[in-house]
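So this first bit is one chain, no partners, the form predicted on its own, shown in structure tokens.
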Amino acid sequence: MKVTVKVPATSANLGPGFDCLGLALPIYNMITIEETVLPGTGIEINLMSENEVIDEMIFDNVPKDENSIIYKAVEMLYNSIGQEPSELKINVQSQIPITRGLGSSASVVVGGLLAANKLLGSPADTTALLSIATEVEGHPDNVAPAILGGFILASQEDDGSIITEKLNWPEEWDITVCIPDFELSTNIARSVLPENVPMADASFNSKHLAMLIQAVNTKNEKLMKAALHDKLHQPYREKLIPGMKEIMEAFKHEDGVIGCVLSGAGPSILVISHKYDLDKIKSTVRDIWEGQSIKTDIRTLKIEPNGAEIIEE
């Protein structure tokens, strides 16, 4: 028996929502798990990319054995019901660019869990799958929208439980995803963050996160434009991402551009707009990055309302 799961890309944080906000995007990874019949074959993991050669090069450094995060997630699920993984063949067909802040690792964790859960007869419900995925990933901001779809507020509580709430992103707000051709690992992006932040910065983010939630609920563009600012992660990561400051400055006072934010840990950038010339967004970003010899893939996308889904058994 084999199971294939289709999992969307995700973008986390959206400025002030550090580690608690995420949305699903219509770029997908396909994860297939098959139980092999030959005993002793162990775990086989195959990674295939539809993206450029740079992703193939990164794949060379991705573990393809028991050290893989997809295997660790599957193993945790099996262990939760008192079993060990049998001989498994895992195929990952990747459309989500790797190490670009678009939830590629969350997608394979979620896809592996849902496929393995189906193979086992679905012993785990969504709550349990969210918990395991969060334990593997470290926080729920990417795995929650990957599983549930849409725009998600998520929190891991002190007791380990996961609280999620789906918010209604305004359909008329466009999201232009700007993906540069250089990678930035989450570990490096995390390493530049301070262990402690000033109380004033924490207060700033709390206020702006509250503003963001209200702006989304009321479709208030003016409030959203004010809300999309952050002092907990973007200022520290800016030095790792050439052109980020220039791109954000270019749209700062443009009517119709609601705001620019780093996608997850970066280096991809989201430009949120309404009734604005999308070609102008693309040309502005492209000009800035090409001026620094950076190629870019730019796509205007709607939020993916559905999360991961089983498409083949």
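Residues carry their position along the shown sequence, with the first being 1. Being a predicted model, the structure only gives us computed values, none of them experimental.
Note that the form predicted together with a small molecule isn't included here; everything after this is about it.
With the small molecule left out of view, the stretch that reaches within 4.5 Å of it through heavy atoms in the predicted complex is, among 27 to 35, 246 to 254, 262 to 270, 283 to 291, 262 to 270. In the predicted complex, no heavy atom of residue 107 sits within 4.5 Å of the small molecule.
The closest heavy atom approach of residue 12 to the small molecule in the predicted complex falls within 4.5 Å. In the predicted complex, the small molecule stays beyond 4.5 Å of every heavy atom belonging to residue 229. When contacts are judged by a 4.5 Å heavy atom cut-off, residue 297 does not count as touching the small molecule in the predicted complex. This chain lacks the partner; the member of 89, 166, 225, 190 within 4.5 angstroms of the small molecule in the predicted complex by a non-hydrogen atom is 190.
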